[in-house]
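Below: one protein chain in two forms, given as structure tokens, structure 1 then structure 2.
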Structure 1
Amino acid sequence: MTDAGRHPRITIHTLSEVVDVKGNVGSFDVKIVKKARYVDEKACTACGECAKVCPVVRPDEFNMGLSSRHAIYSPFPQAVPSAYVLNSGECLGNNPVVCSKCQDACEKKCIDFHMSDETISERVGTIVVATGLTPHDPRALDEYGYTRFENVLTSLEFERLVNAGGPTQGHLVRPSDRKRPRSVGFVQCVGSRSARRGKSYCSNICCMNTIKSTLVLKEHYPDMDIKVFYIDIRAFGKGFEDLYTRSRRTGVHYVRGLPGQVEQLADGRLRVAVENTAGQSLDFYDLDMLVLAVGIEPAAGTHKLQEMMGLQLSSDGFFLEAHPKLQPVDAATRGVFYAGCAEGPKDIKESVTQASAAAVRAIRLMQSSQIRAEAITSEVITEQCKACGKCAEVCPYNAITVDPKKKIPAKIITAACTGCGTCAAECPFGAIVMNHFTDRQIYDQIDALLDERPSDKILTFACNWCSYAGADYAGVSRLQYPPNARLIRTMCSGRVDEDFIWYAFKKGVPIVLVSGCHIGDCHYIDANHWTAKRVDRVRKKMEKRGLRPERLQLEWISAAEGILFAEVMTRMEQLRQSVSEKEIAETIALLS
């Protein structure tokens, strides 16, 4: 971080928050609010004289509250910039009657109580999202007694205790009596791998962090009794299994089972009740200290940033990459990349690897004077646009600008448009043309597919990335399903216009199937949400017109679900057989 701070082409904004991001790849406008530091960071030499005279004492966040700091302090050793910061919410003020001791003690006159927050605007070509993580709060798991018992710590608090730069200079002591513990227990998967007790996913780092901690303790205190309570040990990285074996050889006792209850004894020790799943017994262990290996959760500002930048989240709440194999560091929004735990739980090695990949991907874009855009994009017919703003509302990439109040026609930023076609499907005035998937082209496909014996066919609109690929997978897997399905490929199910559905029914087709990516897995962030709303809207209109809404089906099929595609087509054929020729004729007469 120090090297980055010294680099002439790198600007580090500390105590800052991104509050708005607009634009597209190559031209992002980022608004940043830089919080008032109340200390001139260029003049401050971090001598510490101000902190010595400050009367305000608060828990030190860097040491997890295990030590204290003053209202004016250095956030952590080797902080960049190397300057103190004043917490205005904790300071007693600049009234001489109250306190201004820090200002008086500063020989450089670096402290300025009149500083205010500053708004900074930056134009950038690419963005790397590296929001970090939030450790799980174990207070909800009351059975472990965290905060009720002083000697129950989290893994982060334990790390600060055994760190040479921590509050105890690396000497492990019990918080209750500041004596060295003779026995320590580690509880794994606290807040992980359990939907009822935290998050369902594995936090990746907990097992190896505990194994490392046991090796550190055994190195310094060979006689210490150490127990690890676990579900299973996931040591899948290079050399990780060797570390696990070394830990066991040093005498660390691994107990397969998680504690169900922790109680404090009269002498301050902790009695832990554990269901030993390997020995099929209920065991009790008396320990001097218990360490909770807390899991990883998404950073606090993840949802705010996701809404601001039009990004996509996974079911676990982390940012979702464009493709897990082919584009593991790319966001669906072009020009945005991920690094570290923003995209999922990672250890240091994985974070460094992904950060390097994100940097290379960003450089690859920025080294070109021009950016190539996909030909499958939308265009606005200005003469037909009524500036209603519906297209801008449904665009998942904020690629459309329109001012309904001033009646300024919509404008599509080609570099930001990815060609889902949702805007064209939702436009009530037909003012948007989807290149390579125009209305005329899709109508012609419907005419061609339903030219002969339309009542024997099932018309299917299939999204390019998932359901069409699922159909292809079913074919190469030689799965058997009714051969009368007729597919029309669209880039996204969001491209399927209401009028396409009505036109197909008018041509005499008994069943129309709209299929796309599963909710949450859409290649175009959330475009399939509008598909679901549109299909629901058409079904209600069908019911009002006396048509069976079951004749319009919506299915989510992924590229790997060839079997599901075959099953859906079999079910569609059964449904098609329930539609009589008379019902089809009445539908044609009603819509003609």
Structure 2
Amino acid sequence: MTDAGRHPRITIHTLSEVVDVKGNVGSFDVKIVKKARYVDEKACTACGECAKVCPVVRPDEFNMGLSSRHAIYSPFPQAVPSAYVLNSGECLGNNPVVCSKCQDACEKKCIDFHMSDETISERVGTIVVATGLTPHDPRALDEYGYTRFENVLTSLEFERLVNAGGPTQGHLVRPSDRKRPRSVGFVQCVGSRSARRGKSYCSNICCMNTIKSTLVLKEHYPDMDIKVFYIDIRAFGKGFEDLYTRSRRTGVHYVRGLPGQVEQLADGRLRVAVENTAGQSLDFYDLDMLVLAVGIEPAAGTHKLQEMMGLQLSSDGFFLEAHPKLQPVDAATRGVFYAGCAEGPKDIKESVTQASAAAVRAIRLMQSSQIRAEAITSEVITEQCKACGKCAEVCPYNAITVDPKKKIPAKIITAACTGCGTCAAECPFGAIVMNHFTDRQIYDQIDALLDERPSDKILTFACNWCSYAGADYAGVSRLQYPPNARLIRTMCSGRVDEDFIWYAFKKGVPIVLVSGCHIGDCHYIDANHWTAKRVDRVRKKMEKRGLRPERLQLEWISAAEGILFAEVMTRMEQLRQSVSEKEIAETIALLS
């Protein structure tokens, strides 16, 4: 922390939020709103004289409300920057006539009630998103009685109580009577591993955090009776199992089963009812204190930032990486990287590891004053654009600006375009050219294919990353399948224009297969959603026009699914044989 605070190349804006991000890799223009601190950050020496005279008393957020602070305060002794902060909502001094005691007490005259919020503009080449987490709020799990019973705490509150810098100087006390508890229970998976009661994922850190807490307690109070109620103990990291073993050796009692009910007894103690799933018994334990090991949830501003920067979230609400194994710290948007819990629950070691990885990935781009951009990108023919806005709607990368209201035609931000071609396929006016996969190129391929004996052939569109690679994998595996399909490679299945399909049918093809990555695996975030919609739409139209919709097929095939590709080819050939010359002739007549 202090290293970052005094680093000559690091500028820290605290009390600040990013409110706008524009541009692309190499030149992101970022707008930051820095809220007024009302204390001169550089001049303040954190002497604390101001707080001594402040008459306002409020719960201290850093100590989870277990102690109090004044309206002018230092967040915690080691804070960086080491300066006091004044909460203007709580302060009486906005009108100095009322109070302004702190201003009088400050010898260096650092307090300025008239300080206002600042808007800062910064241009950067890369962005690391490290927005962290929100701890789960256990109030919804009423059976544990959090907030109803004083002696039920969250793991973070407990953390402050055993911290030497905390409200009790590290002496564990029961909130109800300020006495040291003789028995403490820990409840695991509070808000984790249950879709019905919190989040369905494992929060990753709570098992080890509890094990650590039991060791801290046993070190200070060897006689304390400690119980841990759990579903499974996940001690998977280096040195973790060792800590778990040590915890059990010190006499911590691990009970397999989560409490079904907690009651408060007359003396403030808690009666915990647990179904012990290992011993098949219903047990009751009377404990002085209960600690809820709360799970990790995405940070509060995650959604806002995701929308502002055009990023993606995974189903559990954390930021989605470009590839779970090979690009675990990259966002799909070039130049943006993830570090820490922003991407998913993780402990300190993993956060630090990922942060270093993110830093190197960013440096890899920043080391030169120029970077090479993608050549296969789309272009707008401005004269043909009607500013309908469809292209911008389908672009997974926010790489198109267009204003349908003011009729400002579409413009491609080439630096942000990755070349999936979905915009070109969806443009109703043919106003977008997808370079290297132009309409003309693809029509000529279809022509070359269907000029001779079209009824023998199956036209297959395959995306470069998944289904085309799946076909290659079938080849590498020497899987044998019928030889009637011919592949046209596009970067993404999203490129397959509806008109290509109609054209092929008009030219007498019996079967058209569109294939791409599985939903959720698309190399272009979610461009294949548009493929699915489009194929659905064309099939409905085919039905209306009296064409068998089965003649248009859609298959998701991953790069690893060679077997599936061969199976699909066999199925396509069976389908092709079901299409008679007569049916083809009728289709041609109908579409001509």
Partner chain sequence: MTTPTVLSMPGVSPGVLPSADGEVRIGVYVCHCGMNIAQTVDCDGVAAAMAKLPDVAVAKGIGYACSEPGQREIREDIATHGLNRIVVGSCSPRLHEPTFRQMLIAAGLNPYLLEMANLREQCSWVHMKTPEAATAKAYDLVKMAVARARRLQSLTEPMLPMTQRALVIGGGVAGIQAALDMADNGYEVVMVERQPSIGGVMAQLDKTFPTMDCSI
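Quick note, the numbers are simply positions in structure 1, starting from 1. On a predicted model such as this, the values are computed, not experimentally measured, just so you know. Take the two forms, find the largest set of C-alpha atoms that superpose within 1.5 Å, and that set is the rigid core.
> Out of structure 1 and structure 2, where do we see the form predicted on its own?
Structure 1, not 2.
> So how many degrees does the small rigid bit swing against the big one between structures 1 and 2?
In whole degrees, the smaller rigid segment turns 14.
> In Å, how large is the C-alpha displacement of L547 between structures 1 and 2 after the rigid core is aligned?
Here L547 registers a C-alpha shift of 5.5 Å.
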